[in-house]
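One chain comes next, on its own, written out as structure tokens in the form predicted alone.
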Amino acid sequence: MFPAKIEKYVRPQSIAEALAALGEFEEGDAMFLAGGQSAMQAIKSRMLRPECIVDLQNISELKGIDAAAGGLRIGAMTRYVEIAQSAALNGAFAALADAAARVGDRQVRNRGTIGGSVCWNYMASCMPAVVLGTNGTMNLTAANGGERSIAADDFFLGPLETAREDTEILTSVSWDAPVSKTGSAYKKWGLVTDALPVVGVCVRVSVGGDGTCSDARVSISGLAGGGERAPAAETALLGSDGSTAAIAKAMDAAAEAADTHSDMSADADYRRQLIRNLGREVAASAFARART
């Protein structure tokens, strides 16, 4: 299909210019465009009908990876390929590189951005689930100059729905400095290597001085409700030694509690088995990264 008529296209050079361009139209009639890998398909199918597109490609202040003081801040317009290749993303943040290295195909990884992905929040998407599983925070600036930060638990409201207002721009995603000995990992399974995840699992764990798990976050992608945390698995991992048996018990709990669905890609039972199998592998990697 052809998109509906678009009245105006602008490519601002700053966040202030982008918000000013947005303000020239009624709320909802203008939209920001990040990498465009999902949004352009929605525009072509007329799922989205913007009167104005505000292309964020030229705004340098929205790009880059900053790992100062042990925390992490990734600009909203930072591309997947840059995340996948960053040497700063190890240990607690390694799941981000795991996901970025396998998002879509080469074209998507070279054009798609972390900000576009978390704001689009597609149900079968890797990055929203990984940001949720690693406890990221979304930082937004409004047209009136106001700023706010929203934790991932509160930002992702459901498929294609977030807490971002139409008058706000996502400037970055950030993470606090983790405690010592924290590791994360992510892996998806799709029908082909570069496919959207039928199921993906993200695990982040912290290991205390006695070698047991002191903190755990587990999230799952590919569910009907989009990326979701798995509290049953998190509870099972807490206090465990990260052994094969302990991890298997936790992922069995995640699979049983997950609200899986059936479609052309897989049935509900197969998705549960994917959660078990992927979860065991991912959790083992997260524990190994935490300890090293």
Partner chain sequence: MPTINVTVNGERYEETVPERLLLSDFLRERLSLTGTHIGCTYEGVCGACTIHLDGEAVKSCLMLAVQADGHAITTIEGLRDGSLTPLQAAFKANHALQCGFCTPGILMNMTEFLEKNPNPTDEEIRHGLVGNLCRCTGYVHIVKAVREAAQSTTR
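Positions refer to the first chain, counted from 1. Predicted, not measured: the structure shown is a model, and the values here were computed from it.
There is another form of the same protein, the form predicted in complex with the partner chain; it is not shown, and what comes next is about it.
A heavy atom within 4.5 Å of the partner chain in the model of the complex is found for one listed residue only; from Ala151, Ala143, Val108, Ala163, this is Val108.
Residue Arg79 is the only one of Arg79, Lys187, Arg73, Lys181 with a heavy atom lying within 4.5 Å of the partner chain in the model of the complex. Taking the partner from the other structure, the partner chain in the model of the complex has a heavy atom within 4.5 Å of a heavy atom of Gln57. In the model of the complex, the partner chain lies within 4.5 Å of some heavy atom of Gln37. Within this chain, Ser243 is remote from the site of the partner chain in the model of the complex, having no heavy atom within 4.5 Å. Within this chain, Gly91 is remote from the site of the partner chain in the model of the complex, having no heavy atom within 4.5 Å. Proximity of Leu33, Lys44 and Gly104 to the partner chain in the model of the complex is complete: all three residues have a non-hydrogen atom within 4.5 angstroms. In summary, the region of this chain contacting the partner chain in the model of the complex, judged by heavy atoms within 4.5 Å and restricted to 134-142, 110-118, 210-218, 166-174, corresponds to 110-118.
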